[in-house]
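Shown next as structure tokens: one chain only, the form predicted on its own.
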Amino acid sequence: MPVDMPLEERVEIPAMLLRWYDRHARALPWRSPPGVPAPSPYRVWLSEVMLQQTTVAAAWRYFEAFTTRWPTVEALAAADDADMMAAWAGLGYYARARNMLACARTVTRDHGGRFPDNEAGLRALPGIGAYTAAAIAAIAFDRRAVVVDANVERVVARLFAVEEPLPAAKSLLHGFADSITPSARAGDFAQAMMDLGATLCSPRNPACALCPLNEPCAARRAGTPERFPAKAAKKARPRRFGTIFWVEQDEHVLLVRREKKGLLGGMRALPTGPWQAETPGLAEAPVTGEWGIGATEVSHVFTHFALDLAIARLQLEKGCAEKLVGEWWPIDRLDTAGLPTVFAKAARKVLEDRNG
């Protein structure tokens, strides 16, 4: 059973945490310093979307590139779909990018370029769920909102020694987080909890001696902070197999645009056959010819499955009359095509072989 922390201890937690945050807040490009009003809601929203399933280090570079190229929500709303998806390439979870465009256009068209300032209004926007709405409401508008990401879950699980494993414990952890969330400085408190989990209250070897909440922390008192949060055993990812087709002609390679719906939807990519439980060979090859194909050359892990890919190579004669669906991209500028990671891996493999 979780520890029933006395009310007087819960009441003290925000002040203890905010004193620490005022001295140790991380300097991030989407943040204002402690006690300073937040930057534009657009920057807060953009950062929160980018940080979903992504590390701060990875999101940082993309955030700066996006805000330089599209400094306002109106600018992003006017972006070409293909340009925006190419700029997102490598960040993963591409549904986020499609939802971002839809959200930017909704805010611009229906809200005059202003984000709603409350959770209910934010949740009505495309791609904004409960967590993101709470984070924007707190950080951008200083509304009291219960903001619980993976770092906050870990902090709360340890504070209250929550034995129930994730993900079943999410509702319980949200309730405990609610019990310590203040009305004043809501945005700073949310970011302080995130920072605490990201720096001191780490998954392994937490720095309990330096933690501003070590006194009320039940897991620290028990001497077992690393036990929390408990997690249910992960199911093994299924494995799929596929073939990527490298069609080369006159120092250009054939690229296609994937269907807008589905995995990696709307992205520019190398042609590929089906991804299935057995090796598909040359099924759905974009053109007939003397393909060279070997065993698995590229492996990639998606959220719900692992993928092993063979690469089939075909060199077409210069000026080949056969019409292919797609676009011919200069091989020496392939890094500008905005290929998703799995296809970028395949391209690197081919180029390594060509240059080796």
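One rule holds for the numbers: they count along the sequence shown, beginning at 1. Given the structure is predicted, the values throughout are model-derived calculations rather than measurements.
We do not show the form predicted together with the DNA, though everything after this point is about it.
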Exercise. Within 4.5 Å of the DNA in the predicted complex, do Ala15, Gly121 and Ser179 each have at least one heavy atom?
Worked result: no
For this session: Sort through Ala168, Ala207, Ala277, Ala283 and report the residue having a heavy atom within 4.5 Å of the DNA in the predicted complex.
Result: Ala168
Exercise. Of the residues Met84, Ala140, Leu91, Ala161, which one places a heavy atom within 4.5 Å of the DNA in the predicted complex?
Worked result: Leu91
For this session: Please name which of the stretches 72 to 80, 198 to 206, 217 to 225, 109 to 117 has residues with heavy atoms lying within 4.5 Å of the DNA in the predicted complex.
Result: 198 to 206
Problem set entry | Close approach of Trp329 to the DNA in the predicted complex, 4.5 Å, heavy atom | no
Exercise. For Val342, is any heavy atom within 4.5 Å of the DNA in the predicted complex, or not?
Worked result: yes
Exercise. Arg313 near the DNA in the predicted complex, any heavy atom under 4.5 Å?
Worked result: no
Exercise. Does the DNA come within 4.5 Å of any heavy atom of Lys235 in the predicted complex?
Worked result: yes
Seminar exercise, completed: Across 111 to 137, the residues having a non-hydrogen atom within 4.5 Å of the DNA in the predicted complex turn out to be Arg123, Leu125, Pro126, Gly127, Ile128, Gly129, Ala130, Tyr131, Thr132
